[in-house]
Each structure stands twice: as structure tokens, then as C-alpha cells.
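Coming up is one lone chain in C-alpha cells, specifically the form predicted on its own.
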């Protein structure tokens, strides 16, 4: 396990982050600091209380989401695929090597995925929620992934980063690149980087 640095305290006005929020698709050739990656992962699924509650709401606290970091240019972290562990605020190595371009091919060759310093892949184990709520739980999982993605958007803006929510991809190909092996289904991909000004 790789321990992540503590998330940054974002002393940034929420109203400004909401107003500035845009989908960004062009990146500077600049690595993203590990402290900022830590903050993004925490904002999406980090533990925020001693009871184990997380930064994004979850129906019945069933927490079906799994976050995977596809790191290609993160300062202080070797390129590879990592699984985020919210309880320990740490990363577990899943695969080694720079796989952003391969992930981009699985996303219908979307360039902003291929060229991003990192991508956050949000996957879900639906049974964690449907086991409690039945078929209604499917909708709750999709609602939850929206909560997590919006937190990533707002935290990105607060740290001068940019992101874009990507939902167009080949599920099986993304699962292969990220090495999903616990019954997870990929739902959303968020490439992250320093946006090129004016784009």
C-alpha cells in the first residue's frame, strides 16, 4: 500500500468554484502534484467521520463505488493503475506502466483522456446497493457516481486543475485496461490536468 499525503485544506469559496466549473479538455504538459491527487480522491470518496461516512452521500451507506487512478504524469508516483482505499487513504498498485493512451483508445479515442496526466475511473459494485434496495438500488448507484464526480469537478477548480466527465467508452475495454476484477462496472472517467488557459 502507498500512503497518500493528507488532503489539502481547500480555503476556496464554494460559490466561486461552482461559478467557475467548466469541462476542460486541453492540458498543459505539467505533472499534477500527489497532494492534489490525494485531495481529489478524498473529495470523491474520502472518509470524513469516525463513523466511516464519506465525502459523497451513499444510499444506506452501502458505498458501491470504487475509484481507480490511472496515473501517467503524477509527481512522486510511478505511472500505473492504482485502486484507492478510502479507509486508509492509500493506494494499492493494480498495474504498472503509463496506460492513459490505452485508456483513451477504450474511450473512443478521446484525446483528453489519452493526454491527461491522470484519469480517475469510477466503477461500481452494484450488488452492494441492490442487495439492500433491490432494483431501486441501480438508480441510487448512478446518483452516487454523480455526487462523486461533482466533488472532483469542484475540488479541481479550487486547485487550478480541470476535468471533464467522460461517459462514452467500451466497458469491457476500460475494465481490461484498469484490470477490474471484483465485479465492478466502470461508470465514469474523469481525466484531470492543468488546463490550457482560454480553452
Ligand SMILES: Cc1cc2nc3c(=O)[nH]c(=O)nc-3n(C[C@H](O)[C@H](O)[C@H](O)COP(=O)(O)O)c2cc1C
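Positions refer to the first chain, counted from 1. Computed from a predicted model, the values in this text were never measured in an experiment.
Form predicted in complex with the named molecule: not shown, discussed below.
Of the residues given (22, 16, 185, 176), 22 alone sits with a heavy atom within 4.5 Å of the named molecule in the predicted complex. Using a 4.5 angstroms threshold between heavy atoms, residue 85 stays clear of the named molecule in the predicted complex. Of the heavy atoms in residue 166, some are within 4.5 Å of the named molecule in the predicted complex.
Residue contact with the named molecule in the predicted complex: residue 27 places no heavy atom within 4.5 Å of it. In the predicted complex, the named molecule sits beyond 4.5 Å of every heavy atom of residue 115. From the list 105-113, 92-100, 119-127, 74-82, the contact stretch for the named molecule in the predicted complex under a 4.5 Å heavy atom rule is 105-113. Counting a residue when any of its non-hydrogen atoms is within 4.5 Å of the named molecule in the predicted complex, there are no hits in 122-152.
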